[in-house]
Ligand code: CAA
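This document opens with one chain alone, in structure tokens, the form predicted alone.
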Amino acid sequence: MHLVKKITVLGSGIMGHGIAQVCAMAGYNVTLRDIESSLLDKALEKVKWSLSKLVEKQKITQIEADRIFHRITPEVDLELSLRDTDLLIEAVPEDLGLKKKVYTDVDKFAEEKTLYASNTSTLPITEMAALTGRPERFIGLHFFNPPQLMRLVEIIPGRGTNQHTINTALDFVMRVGKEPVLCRKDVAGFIVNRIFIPLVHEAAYCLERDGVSMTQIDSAVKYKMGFPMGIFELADYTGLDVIFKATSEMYSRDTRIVHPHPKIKELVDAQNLGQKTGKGFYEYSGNTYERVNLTPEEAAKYNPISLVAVSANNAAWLISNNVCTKEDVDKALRLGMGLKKDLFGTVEIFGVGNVVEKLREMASKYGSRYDPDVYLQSYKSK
């Protein structure tokens, strides 16, 4: 086992400083690197604020908060930031060109022992690993936002990643108090986004096809599918720019995965990105986080079987292609998306035969991308 003692996080944005805090809270010494000291100052202020909230809630003492904070060292100089590093976690923006430049620079200075991990949510791990001199020691570590609160980390090996790196990643994720789910193949969207991103687009098509309101669809998603909020509400909360970028990346890798609805691009082009801009699918009045009013009465007016079918079909594809197990899907959706009941449990409530029949009907109307997966066709209630 590769013993991880020192960690370097590249990029101090919302994910980078959150990951640095998570590592420091687990007792690791962390160097947080960014290109300007002003960016690092802002990041450290956010870490300090986050720790102060934990002190307020009596989760940690002020002495512990100070110790955690002082385990994080800000650094602008890349060479210095990589000195004696066992694990590098790259959390720079989701742009393959930018990442290519970063890894070219990192390769000049990283020590032989350093393992590389990318916090990407959609970019191909195999492709990024190929940009480096150590593809066998390169892995995806997809933390969820915000890393301080979300328990899931998807671990994604590239085609050349060796078992030693996988084992080290699994061990590290558990040591920082997170729950790992191994995505065995470097597929577009990994596990959670493979199910979530197409679902947002499908909901937009349902809005168009079924003659119902957004709140009826969202209420049904919440009360009949066990989601923590409606799918449009969740999209607004995530950020439609994030969803658009993930969609573009996934679609460029495999056009069958996601059927982009033009509405998402329209909203992004108009800079209506969701909660953070005050308008997305819904409109929001203030700066504070707002919930959409969803009710069981509204849920009763809509049957979300199309959404159940599409999400189950994507999950089935992951299982039949040995990307992960059914248990992995359930765990990933519970921890990464907050689902209150297992997806295939919902399929059973709607009826496996009904779900498969719905997919066949959609395939005949809208194209073969809806063809039911073999796993779903042969699924028996467990």
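Rigid core here is just the name for the largest C-alpha set that superposes within 1.5 Å across the two forms. The model shown is predicted, which means the values in this text are computed figures rather than measured ones. Start at 1 and count along the sequence shown; that's the residue number.
We do not show the form predicted in complex with this ligand, though everything after this point is about it.
Stretch 229-237 is the contacting one of 229-237, 199-207, 260-268, 300-308, since its residues have non-hydrogen atoms within 4.5 Å of this ligand in the model of the complex.
Screening Val242, Met214, Leu131, Ala188 for any heavy atom within 4.5 Å of this ligand in the model of the complex leaves a single hit, Val242. In summary, among the residues Ala26, Leu39, Leu54, Val352, the only one with a non-hydrogen atom within 4.5 Å of this ligand in the model of the complex is Leu54. By the criterion of a heavy atom within 4.5 Å, Gly338 is counted among the residues contacting this ligand in the model of the complex. By the criterion of a heavy atom within 4.5 Å, Pro146 is counted among the residues contacting this ligand in the model of the complex.
Interface membership of Lys99, defined by any non-hydrogen atom within 4.5 Å of this ligand in the model of the complex, is ruled out. The closest non-hydrogen atom of Arg291 lies within 4.5 Å of this ligand in the model of the complex.
Relative to the superposed core, Ile319 shifts its CA atom by less than 2 Å between this form and the one not shown. After superposition on the rigid core, the Cα atom of Asn145 is displaced by 2 Å or more between this form and the one not shown.
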